[in-house]
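Presented as structure tokens, the chain that follows is alone, the form predicted on its own.
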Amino acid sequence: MIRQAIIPLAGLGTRLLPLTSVFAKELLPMNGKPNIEYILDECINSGIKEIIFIISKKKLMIKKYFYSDSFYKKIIKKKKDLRTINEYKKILKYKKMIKFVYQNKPLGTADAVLKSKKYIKDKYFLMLLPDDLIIKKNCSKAMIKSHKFHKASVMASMKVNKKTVSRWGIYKFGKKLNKNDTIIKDVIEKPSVNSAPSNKAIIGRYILPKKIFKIIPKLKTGAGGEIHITDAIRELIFKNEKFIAHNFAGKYLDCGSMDGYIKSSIEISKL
């Protein structure tokens, strides 16, 4: 059973400058709702009970967002505004589920995962990257269903343009298990066009095994001088750990760039 999720939030969001020079990208509004709340709702609707936020000291704004009780109480006492009351109730609901850990140096996704080690209780856990929104269908819920059936780690998968493979973790696929699920034989972080094993990319949803915590400390830095979770996954695949690529049914939105953020906001406003 997948009960816990981790969400790395320590990144500086340079692709969204100048907005992120003063504001956490995960709190930027999309159709009147912060980006991070879409991710939280996906978790809640997937049955997740506890969520671990990995932030940095530069992203304390995110923690403050969920701990502004006195601010809300003063407004509610003065105005008794129904909308404010409902917003505060929603924040309280989220806050009960969230723990915070810190990654003060941007050393990559694998390092972010390692920071959550002491909180992970079960054999498997979910990780979501907030730059990647998947709307219309709950991707995490579908992945958890695949995980239960195959009793294996699962990653969200999408076909990408061959010219853009250097942006992604690209996998080599093996046996097709059903319409949506395929065995992963290998995965490479940000390969060149010529070295990419396919044009199938891993999108920001992962069901990972707890044993990955033993692999991460042994990793060397990879592309961009960071420690990538795909490299840890690759090591586990070579140790015969079963990983499955799940072709999700929802619509993918890239919220990590300015162009993507604007387009995503428009798409969400149509829902």
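So that there is no doubt, residue numbering starts at 1 and follows the sequence shown. Fair warning: this is a prediction, and the values are worked out from it, not measured in the lab.
What comes next is about the form predicted together with 1-O-phosphono-alpha-D-glucopyranose, which is not displayed.
Answer range among 136 to 144, 97 to 105, 83 to 91, 168 to 176 for contact with 1-O-phosphono-alpha-D-glucopyranose, defined in the model of the complex as heavy atoms within 4.5 Å = Partner-contacting stretch among the options: 168 to 176.
ask   = Is there a non-hydrogen atom of D181 within 4.5 angstroms of a non-hydrogen atom of 1-O-phosphono-alpha-D-glucopyranose in the model of the complex?
value = Answer no; every heavy atom of D181 is more than 4.5 Å from 1-O-phosphono-alpha-D-glucopyranose in the model of the complex.
inquiry  = Residue-level contact is defined here as any heavy atom of the residue lying within 4.5 Å of 1-O-phosphono-alpha-D-glucopyranose in the model of the complex; does Y206 satisfy this criterion?
reply    = So Y206 counts as contacting 1-O-phosphono-alpha-D-glucopyranose.
message = Can you tell me if D111 lies within 4.5 angstroms of 1-O-phosphono-alpha-D-glucopyranose in the model of the complex, counting non-hydrogen atoms only?
response = Output for D111 is no: heavy atoms all beyond 4.5 Å of 1-O-phosphono-alpha-D-glucopyranose.
message = With a cut-off of 4.5 Å between heavy atoms, is D132 one of the residues that contacts 1-O-phosphono-alpha-D-glucopyranose in the model of the complex?
response = So D132 counts as contacting 1-O-phosphono-alpha-D-glucopyranose.
inquiry  = So 1-O-phosphono-alpha-D-glucopyranose isn't shown here. In the model of the complex, which residue out of I215, I244, I54, I202 has a non-hydrogen atom within 4.5 Å of it?
reply    = Checking each option against 1-O-phosphono-alpha-D-glucopyranose in the model of the complex, the one that comes within 4.5 Å is I202.
Answer option from K117, K185, K190, H150, heavy atom within 4.5 Å of 1-O-phosphono-alpha-D-glucopyranose in the model of the complex = Only one listed residue qualifies here, and that residue is K190.
task = Heavy atoms within 4.5 Å of 1-O-phosphono-alpha-D-glucopyranose in the model of the complex is the criterion; list the residues of 61 to 82 that meet it.
result = Residues within 4.5 Å: none in this stretch.
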